[in-house]
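The chain below stands alone and is given in structure tokens; this is the form predicted on its own.
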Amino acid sequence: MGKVIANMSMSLDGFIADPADGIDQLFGWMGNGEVEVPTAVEWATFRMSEASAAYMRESMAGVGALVAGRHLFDITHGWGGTHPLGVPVVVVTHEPPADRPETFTFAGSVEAAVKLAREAAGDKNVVVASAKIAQQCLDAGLLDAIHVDLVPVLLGTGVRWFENLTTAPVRLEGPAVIEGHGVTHLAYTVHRS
């Protein structure tokens, strides 16, 4: 069985988006290199450093399903019906949209979403890609790892990743470190006591 991994690009001061949910300052590393990394959709081909490309290829190959929140689903317009990872997506929401894309599943809780995503992923990993959903998964004891793509920028304000944990402090083991161009990839394991 794969792991449940929260993964985000984050500023050095702990933000995963600016106050308007903008991510331009945080995702620049995905287009600042010479090595092309294609995804499941034409509009999201990355160009990154060799180190980041190797990290991204390995990470993408290990993903079997994604869990996201309704807010992320809405601001991305459901990724146009296909997430760049090309894997099943389970969206946590109490109100599924009326015009649901067939490629997405909707669940009423993080527990139900992770269960559905694990079933869809088989032996591969489940990636949690929303701040509030990652917080809820960590609080519920569902996360096995946290991967941070740390970007050398200070946003000063915005959306924090783990702002409202109810189970803090949470101990992490690691990190494994990969230095890319304009980003440091950090992989931590959640310590279970």
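Computed from a predicted structure; not experimentally measured. Residue indices: 1-based, along the sequence shown.
Separately, the form predicted together with another copy of the chain exists; it is not shown, and the next lines address it.
Another copy of the chain in the predicted complex reached by all of 54, 65 and 85, non-hydrogen atom within 4.5 Å: No, the whole trio is out of contact, none within 4.5 Å by any heavy atom.
Give a yes or no for residue 29: in the predicted complex, does one of its heavy atoms lie within 4.5 Å of a heavy atom belonging to another copy of the chain? Flag for residue 29 set to no.
Please check if residue 179 has a heavy atom lying within 4.5 Å of any heavy atom of another copy of the chain in the predicted complex. Residue 179: contacts another copy of the chain in the predicted complex.
Does any part of residue 17 reach within 4.5 Å of another copy of the chain in the predicted complex? Heavy atoms only, please. Outside the cut-off, so no.
Contact between residue 47 and another copy of the chain in the predicted complex at 4.5 Å, heavy atoms? Close contact is absent here: in the predicted complex, residue 47 is far from another copy of the chain, nothing within 4.5 Å, heavy atoms only.
Which of 138-146, 65-73, 38-46, 123-131 lines the interface with another copy of the chain in the predicted complex (heavy atom within 4.5 Å): That would be stretch 138-146.
Within 5-43, which residues have a heavy atom closer than or equal to 4.5 Å from another copy of the chain in the predicted complex? Residues within 4.5 Å: 10, 12, 13, 25.
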